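Take a look at this one chain, the form predicted alone, written out in structure tokens.
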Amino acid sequence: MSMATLTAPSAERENYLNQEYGIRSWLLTTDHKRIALLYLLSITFFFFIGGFFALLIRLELLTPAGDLLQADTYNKMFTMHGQVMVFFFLIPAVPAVLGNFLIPIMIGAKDLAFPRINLLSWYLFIIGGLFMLYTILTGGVDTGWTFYTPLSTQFLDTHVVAAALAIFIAGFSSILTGLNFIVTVHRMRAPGMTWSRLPLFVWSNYATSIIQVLGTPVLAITLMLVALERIFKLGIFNPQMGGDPLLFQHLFWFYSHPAVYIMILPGMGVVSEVVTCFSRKRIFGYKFMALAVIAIAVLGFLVWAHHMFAAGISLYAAMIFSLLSYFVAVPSAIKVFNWTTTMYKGSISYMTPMLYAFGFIGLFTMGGLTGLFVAALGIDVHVTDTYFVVAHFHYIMVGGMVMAYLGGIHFWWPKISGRMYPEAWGKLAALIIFIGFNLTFFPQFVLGYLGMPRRYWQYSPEFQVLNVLSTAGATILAVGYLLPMVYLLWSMRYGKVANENPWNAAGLEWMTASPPPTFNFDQTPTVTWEAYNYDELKEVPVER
């Protein structure tokens, strides 16, 4: 089916163009694209709240003495930074924004399988966010983002129940989104869109959805038990009342390690789309790439206790979980190898999305390699609860997932907004973020190896130079994150109008208008080509 056929004017599209654009039409919409934009606004808000807490943390660590924040306040800063960033930005970012917007279009569907449930998932996210804001404004919580017991079950004046309720509600938003994606991919693919023709972005979000549906209820039940223990003085996790704090860690990490892949798998899907487009080549080893995301989702459920090597678990269990942790690195390595091979002898265009993809591959690889260190029992005992673990986690989550998220936003921004952004500013922001990130977190590897513990508001003076470098990097990183918000908003009014396919990319989403009409396609497309048919699209993208 030709592009002209897919984008021909229709009565439905005219009605869409003439519809009311008031607040009510947005708050009651069932259009997956509008819901994606509602998520975009929401998670951007929480990103800057979490970033503000991070800035306070780095300013406190500028000097060895605790001279900016009190100890209790510092505890609340790193707790709320983690909770906001993990549960209200990192987990929903790519699936809720880019997945919501793109998955139906990529598979040739008119919408997600359950449009009203999709809207409900956003409302649940907002309700959970409001509880988190209540927690922040009324004094915060100081247990660490992991809610470790007995800290979270001690009956102190801290808002553990409100924070747990916030994440409990947001978890149901995640479950509903995952369920919606699974049913949509199974039931609503266009004719000819076989499993072997699905874009890898869809495969990645499909695997992520499986983790969301199977893993999130475990976290929800765990946090509910913490709240019940605090309210009714039950002895579930508190050892003073006969409870078992290690049981909490097992339950929490059974979800929270797979949650790492909820955050990173969609980013891998973004990078697959960007690399193949700007290399002008089919993705190398498509079937292995698809199988790798499923393997990551499955193996991710088998390695949770590597977070507990220093917690007192059986040595034999620790050895098994250490071995399994090495296995889960294999499918991730396959993906990095295949991205690199795809670029080999490709006609590479160094556009903004591709720069973010380069950043993702480099930083994710660094984070993955240091993950092998913490999977080794001997080294993990030394670096547990030091800044080495902080740096490793952020290389995966911030260096990996946030780079992929920004790369995806830039890649699909012409499709989302119908406008092009200033390419020079995009490249500058990508460079600033890459430099700022490495200056922020690489010194923390050294700090952790030297023995600086995390979550301390004071530290030994010999660590100050590296902490000053880290704080300087965080300042640069903040500038890099602010820039895209400025020029993307500018582009919505003043940017050059984008055509249907400004990158000359493969995929159904590039065969409809920019932005797409209400039901994406005026006629259901029939797919007759293989995924990533760049051998039929020889033109190289032109800088704009």
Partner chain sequence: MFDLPLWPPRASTTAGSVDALFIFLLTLCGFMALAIFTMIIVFAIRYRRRPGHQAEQIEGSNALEFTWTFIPLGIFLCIFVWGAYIYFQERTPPRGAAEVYTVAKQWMWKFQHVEGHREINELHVPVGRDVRMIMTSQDVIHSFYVPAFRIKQDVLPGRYTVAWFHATKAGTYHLFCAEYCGTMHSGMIGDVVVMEPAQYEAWLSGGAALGSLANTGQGIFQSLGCSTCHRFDTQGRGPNLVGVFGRPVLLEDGRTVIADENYIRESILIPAAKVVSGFKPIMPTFQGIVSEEQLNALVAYVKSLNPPPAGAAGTPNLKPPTSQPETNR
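Everything numeric in this text was worked out from a predicted model, so none of it was measured. Positions refer to the first chain, counted from 1.
Not on display, but discussed next: the form predicted in complex with its partner chain.
Within 4.5 Å of any heavy atom of its partner chain in the predicted bound form lies no heavy atom of I435. Its partner chain in the predicted bound form is approached by G362, whose closest heavy atom lies within 4.5 angstroms of it. In the predicted bound form, its partner chain lies farther than 4.5 Å from every heavy atom of F101. The closest non-hydrogen atom of P245 lies within 4.5 Å of its partner chain in the predicted bound form. The candidate spot formed by D67, M420 and W425 is out of contact with its partner chain in the predicted bound form: none of the three has a heavy atom within 4.5 Å. Only one of H159, R280, H306, H392 lies close to its partner chain in the predicted bound form, with a heavy atom inside 4.5 Å, and it is R280. Residue-level contacts in the predicted bound form: of N118, T143, S470, S256, one residue has a heavy atom within 4.5 Å of its partner chain, and it is T143.
Considering its partner chain in the predicted bound form, the lone stretch of 267-275, 124-132, 371-379, 87-95 in range is 371-379 [heavy atom distance within 4.5 Å]. Of the residues in 293-322, those that come within 4.5 Å of its partner chain in the predicted bound form through at least one heavy atom are, in sequence order, F309, A310, A311, G312, I313, S314, L315, Y316, A318, M319, S322.
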